[in-house]
Ligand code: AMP
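Take a look at this single chain, the form predicted alone, given in structure tokens.
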Amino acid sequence: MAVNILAFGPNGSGKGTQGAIVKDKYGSAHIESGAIFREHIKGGTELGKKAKEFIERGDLVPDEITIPMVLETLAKYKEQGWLLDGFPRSKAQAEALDAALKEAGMKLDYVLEIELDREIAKERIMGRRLCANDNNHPNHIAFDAIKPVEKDGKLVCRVCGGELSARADDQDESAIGKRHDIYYDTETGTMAAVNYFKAAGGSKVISVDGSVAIKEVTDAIVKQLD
């Protein structure tokens, strides 16, 4: 049976890592909004070109660009089920997604929220490294459990040995602040979206502490999944 999940958590909370674990439990597609953007940007589509301008500034991509990208992808995995990570990022997007899911007859089974203090989230962002082969391979210079490994005098992915890089905006405290301003906004931002789905009912809400070790977060999530 297809299981549909929304995953929420501020940048730096590890929601990509946890999302990959959860989707494996159900055999769902892991739909990461950033990957959808990258596909369009790499393909040079008009939506991709417009989205790139906003992403590079650390700003929220407008709904008229984001929603068509995301909904098109969800429809492809209606039978398989999906875990959506990184969308919605605002209350308006949450309302639009909720309406679209109902119209398409897709039930939202779980809303997963990873809670993390804003300052801790910032520190985690600045220490993370991205694998060229798979962005969901966890690598972080500050955590022993997921530290990259050294090969030929340079750090490489601890999972596959792939080349590592740091996003420029991950080293820019101003850009990080902009992204977190959006997430922690309880009036119109991502936290408002989380609260919208909590109030809407019809889905099981799982909220866990993201400040503990990766395995502890995983155990807390799996324990609450049916």
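The model shown is predicted, which means the values in this text are computed figures rather than measured ones. From 1 onward, residues are counted along the sequence shown. Each form is matched to the other, and the largest set of C-alpha atoms that superpose within 1.5 Å is called the rigid core.
We do not show the form predicted in complex with ligand AMP, though everything after this point is about it.
Contact check at 4.5 Å (heavy atoms) against ligand AMP in the predicted bound form: none of 73, 78 and 103 pass.
Of the candidate stretches 163-171, 22-30, 191-199, 42-50, only 163-171 has residues with heavy atoms within 4.5 Å of ligand AMP in the predicted bound form. In terms of contact with ligand AMP in the predicted bound form, the residue from 124, 137, 129, 89 that brings a heavy atom within 4.5 Å is 89.
When ligand AMP is considered in the predicted bound form, residue 38 lines it closely, a heavy atom lying within 4.5 Å. Although the partner is absent here, residue 34 sits close enough that one of its heavy atoms falls within 4.5 Å of ligand AMP in the predicted bound form. Contact check for residue 13: no non-hydrogen atom falls within 4.5 Å of ligand AMP in the predicted bound form.
Residue contact check for residue 54: one or more of its heavy atoms lie within 4.5 Å of ligand AMP in the predicted bound form. For residue 178, the Cα coordinates differ by under 2 angstroms between the shown form and the other one after the core has been superposed. With a cut-off of 2 Å and the rigid core superposed, residue 158 has a Cα displacement that falls short of the cut-off between the shown form and the other one.
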